[in-house]
Every structure is written in C-alpha cells, then in structure tokens.
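A single chain comes next, written as structure tokens; it is the form predicted on its own.
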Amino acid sequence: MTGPRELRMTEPLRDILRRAAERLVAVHASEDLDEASLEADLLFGLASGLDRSHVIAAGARPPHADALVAFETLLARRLQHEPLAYILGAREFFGMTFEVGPGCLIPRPETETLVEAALAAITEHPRHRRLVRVADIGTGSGAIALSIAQHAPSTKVYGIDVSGDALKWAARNMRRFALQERVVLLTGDLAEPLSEPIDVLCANLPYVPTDDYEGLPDEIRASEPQIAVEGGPTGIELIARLADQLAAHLAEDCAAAIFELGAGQASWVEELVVKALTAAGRGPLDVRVHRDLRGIRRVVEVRYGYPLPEAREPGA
C-alpha cells in the first residue's frame, strides 16, 4: 500500500512548493502568495544546496528524499514564526549579504535611506578627501557601519552597541567583508565609548513605542531582541538621550547627525536635535528630512559647518 510520504516523493517539486506557500500565507496573514512562494523557494534552496534559479528549474521533477525532509524541517520553523532571515542565516542589505541570527536586529530595507543620507554627508564633508570619522550608534549586525565603510573608503567607522550578542554578529560581518582596518567595534551606552570627535553620526535606535510593540507580529516579538525594537513609552527616549550627547562627541567645526525614526516622529526628533545643538552653540543648522521608498519621513539629518550650496543661475 502506498503511503502519504511515498506519494509526495513522486510529486513534482513545484506542487510541493505551491502547497508550502499556501500554508505560509495561511499562517502569516501579512504575506501574499508571491512573497510566500519566494520564501518556499529559498527554504528549499537551503535544504537542497541550490540557488533559486535551480530550484525553479527543477520544478517538474520530484525532489530528492533527503532534501524534502530537510525542507519540511525548515518550513516547520518558519510556520512557527521564526524569521526567515534567521533560518537562512543571512539578509541582503545595501547590496551586501550580512550574517544574522538570534541576538541582533534583522536589517530592514527602509534603513538603506539612512545609509544613503550618511554617504552623501560623507561625500560633501570638507574632510572627505582625507578622513571622515563616522559613528554608528546601535550597530546591531553592523549593517549600517559596514555598508558605509564598504562604500566610503575615506572613513574610519565606529560601530557601537550595548549588546554583546549583537556585536558578535557585527564582528562576524566585519571579518566577512575584511573591514577590520577601518571599522572599530565598541561596547557601551550610546555615544559614551567614543574617544575622538565624530564628523558623521548615524543612529538606528529602537523607536517603536511600548504600546505599539505589543501589537507587532509574533516573529518580531518572539525572536528579535526587544532591546533593539522597543523605544519606550513615546518611542524616542533613547534618541532623546543621544541628542543630549551630541555636542560632546561631534566635531565642533563641521558635522552631521542622522537618525532613523518611525512614522510621525520626524518633527519630535528634529526639535530634540536642533535644541541640543543650538544650546551648544553649533550652527547655523541645516535640517533635512529624507523619505523612504514608501514616502514615510524616515530619516532626520541635521548638519552644521558644511559649505553652502553653490548659487544657481536664474532659470537654471
């Protein structure tokens, strides 16, 4: 008599993956079928050692028994809300592949807006032809710090985090990209570990208010470190503390402070940073707000000491 497993062993891979995608949609209500199909392909690729193009090409054939068993194990983990990036052990960010896992925040696409703003601030800094000192506060996996170091060779980058677990991932990624000579990882609270003036300071600190945190998807609350997501009652408590430290750690003549934040927080963060730098006598201040691909005011940047933009000819 033929059993269920034997029937599945003669079934084309594409049918197995289609049913897996449908199960993922049923469990993860926020996913659509296209997204779930991608996840199923990636999980089978991990189980079988194939890239996605070869998984798709093998769709008409039954899968190998060992690959199918491994896939079902991985699929069960995903159905239990374990983040896909943790299962795969990696996440793409700013054209680079970062190792990630329990203990560090998974890089999000919207954070690329912060990296783009930082790279522009570095390129436009008066010292960009010599050395621009950069700090990434709350570095986590190192995605921001290492992306900046990789794309801006004239930098010395400090990655700081209070979590030793997160810094272990940052160190792995630093070695992965061979950036040990230009990136320094430090353990400590916000900007306190810095011992030299910083020209461009970036921060993707937790900014989700406590009440909103309770309503986040299960896979975030159950898997990713709460310390990297929840930002306190208003969501900007840590950002406010860092704003108070800016004057002590930014270069006096010319610097930029760049913060990622949640929807609706831009005006609050702008006020905090402007107030702190004005009280320290820094200025005149140039405030810029950068929107992410969804149009959300995602990044607030405050500069001082930069050259003024060149005057444009009338009608140019």
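Quick caveat, the model's predicted, so the values are computed rather than measured. Residue numbers run from 1 along the displayed sequence.
The protein also exists as the form predicted together with a small molecule; that form is not presented, and the subsequent description refers to it.
S.K.: Please identify, from 171-179, 76-84, 236-244, 119-127, the stretch that has a heavy atom within 4.5 Å of the small molecule in the predicted complex.
M.R.: Correct option: 236-244.
S.K.: Quick one: is residue 102 in contact with the small molecule in the predicted complex, heavy atoms, 4.5 Å cut-off?
M.R.: Residue 102 lies outside the contact set for the small molecule.
S.K.: Report yes if any heavy atom of residue 147 sits within 4.5 Å of a heavy atom of the small molecule in the predicted complex; otherwise report no.
M.R.: It does not: once the small molecule is placed as it appears in the predicted complex, residue 147 has no heavy atom within 4.5 Å of it.
S.K.: Any chance residue 197 has a heavy atom within 4.5 Å of the small molecule in the predicted complex?
M.R.: Flag for residue 197 set to no.
S.K.: State yes or no: in the predicted complex, is some non-hydrogen atom of residue 96 no more than 4.5 angstroms from a non-hydrogen atom of the small molecule?
M.R.: Taking the distances in the predicted complex, the answer for residue 96 is no, it never comes within 4.5 Å of the small molecule.
S.K.: Find the only residue in 227, 88, 220, 184 having a heavy atom within 4.5 Å of the small molecule in the predicted complex.
M.R.: Filtering the options by heavy-atom distance leaves 227.
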